[in-house]
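In the block that follows, a single chain appears as structure tokens, in the form predicted on its own.
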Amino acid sequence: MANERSASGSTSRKLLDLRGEVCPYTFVKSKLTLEQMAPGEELVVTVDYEPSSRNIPKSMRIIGEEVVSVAAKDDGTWEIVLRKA
């Protein structure tokens, strides 16, 4: 996991690479990481298990976290951007 800053320098981002992991571990690990973050920070989750690309956003919305985007990548992964509520 790594920290990034946006071009404006205002949004802190953490990266979470969960390639090789499956549900429900992808959601659990994403949730645990978000719990340690400050409100407004973003978590970029990379998964290669297609059901996780649907289940993580669905479950995050249920618990009140913001799903910024979900994007399929050319390499067979999905990038899910979450924002800590």
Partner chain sequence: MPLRDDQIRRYARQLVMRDFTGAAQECLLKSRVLVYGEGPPMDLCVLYLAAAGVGDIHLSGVRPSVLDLIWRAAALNPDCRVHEGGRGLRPDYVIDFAQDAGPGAARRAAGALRAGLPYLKVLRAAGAAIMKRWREGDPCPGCVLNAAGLKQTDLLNPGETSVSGPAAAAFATLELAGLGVPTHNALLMDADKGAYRELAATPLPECIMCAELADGR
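All of these numbers come straight from a predicted model, not from anything done at the bench. Positions refer to the first chain, counted from 1.
The discussion below concerns the form predicted in complex with its partner chain, not included here.
Using a 4.5 Å cutoff between non-hydrogen atoms, residue 68 does not count as a contact of its partner chain in the predicted complex. Under a 4.5 angstroms non-hydrogen atom cutoff, its partner chain in the predicted complex lacks residue 54 among its neighbouring residues. Residue contact with its partner chain in the predicted complex: residue 27 places a heavy atom within 4.5 Å of it. Using a 4.5 angstroms limit between non-hydrogen atoms, residue 15 is distant from its partner chain in the predicted complex. Within 4.5 angstroms of its partner chain in the predicted complex, the stretch 34-54 places a non-hydrogen atom from 35 alone.
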